[in-house]
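Here's a solo chain for you in structure tokens, the form predicted alone.
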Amino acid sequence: MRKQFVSTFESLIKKDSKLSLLLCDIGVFGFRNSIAKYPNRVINIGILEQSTIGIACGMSRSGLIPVVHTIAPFLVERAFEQIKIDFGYHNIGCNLVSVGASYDYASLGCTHHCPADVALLKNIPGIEILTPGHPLEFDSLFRQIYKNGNPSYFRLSEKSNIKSNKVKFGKANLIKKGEKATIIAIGPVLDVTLQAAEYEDVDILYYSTIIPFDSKALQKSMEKKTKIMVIEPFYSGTISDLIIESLNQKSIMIKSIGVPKEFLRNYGLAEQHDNAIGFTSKNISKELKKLIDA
């Protein structure tokens, strides 16, 4: 997805004189061509994430369309207050593009993990949160909203689904129809969800946008159902409140499979963390059967 981000941005900056990019010592090599061609609009600020958000705010107030890019723990957790005040409170536009969320950079340890990003950011009124599951989905979503004047967070992953879906900002995709339960799959976990539910009689709703949340799609899917499984690539339970609010106090049973709220202290590969916490098609299938039979 990072390569697509570079390609998408390079395509747009040629056409849009307001588009700008601030880097925090991450992605500098990838954007070397843009830095050379547009030195006044593509700038490496360095390891100064909070200050970078402040600079982006000033650029936005002056009429530019800023994009800020670095890895998730430094963009979201380190600079959260600045995002909240500079863009949320002032209600002005910015595009925050992260990489490495949850434990994509597992080999670098917990300092580079960030499964809390969506849970944190969704508390900022007016923010938009997008979780593309394929590079082409990012390209489509970014082009749809990058200049809409709202603060937007694009959560890019090192993982990608095999196929791209035709995605529309703020809308869920119905991938599979069934009667016994509804599965919500978010971003790059769609493939593992499809594997786990291949032989089950369930709806699968695919969300590439978390906020605004597509309540209508969920309401329609749940008209005759009471059971929901959420496969989320961040802290387990992060979107439970959005589901409950969408269903207007309907009595439901929710099972969330995501990252447990604990420090994953072991080093290694992201796939090793997947196996350790049960984020596999085999375990998801097992938990789905339990939910259906409950």
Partner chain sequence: MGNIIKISAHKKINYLKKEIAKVSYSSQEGHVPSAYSIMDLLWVLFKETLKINTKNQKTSDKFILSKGHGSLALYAMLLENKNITLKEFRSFSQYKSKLGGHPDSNKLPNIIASTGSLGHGLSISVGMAMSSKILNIKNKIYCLIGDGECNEGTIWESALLATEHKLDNLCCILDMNHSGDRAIKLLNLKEKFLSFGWVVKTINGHSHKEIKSSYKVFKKNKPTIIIAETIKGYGVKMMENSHAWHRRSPNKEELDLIIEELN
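Numbering follows the first chain given and starts at 1. Keep in mind that what you see is a predicted model, and the values were worked out from it rather than measured.
Here the subject shifts to the form predicted together with the partner chain, a form of this protein not shown in this document.
Q: Heavy atoms within 4.5 Å of the partner chain in the predicted complex: which of the stretches 86 to 94, 147 to 155, 100 to 108, 160 to 168 has them?
A: Only one stretch qualifies here: 86 to 94.
Q: So the partner chain isn't shown here. In the predicted complex, which residue out of A36, L269, L48, V28 has a non-hydrogen atom within 4.5 Å of it?
A: Selected residue: L48.
Q: Between R61, K250, K261, R32, only one gets a heavy atom within 4.5 angstroms of the partner chain in the predicted complex; which residue is that?
A: Contact check passes for R61.
Q: Within a 4.5 Å heavy atom cut-off, is E81 in contact with the partner chain in the predicted complex?
A: Contact with the partner chain, yes.
Q: Can you check whether G54 is within 4.5 Å of the partner chain in the predicted complex, heavy atom basis?
A: Output for G54 is yes: heavy atoms within 4.5 Å of the partner chain.
Q: Whether I254 contacts the partner chain in the predicted complex should be assessed with a 4.5 Å heavy atom distance threshold; does it?
A: Answer no; every heavy atom of I254 is more than 4.5 Å from the partner chain in the predicted complex.
Q: Is I43 close enough to touch the partner chain in the predicted complex, meaning at least one heavy atom pair within 4.5 Å?
A: Because a heavy atom of I43 falls inside 4.5 Å of the partner chain in the predicted complex, the answer is yes.
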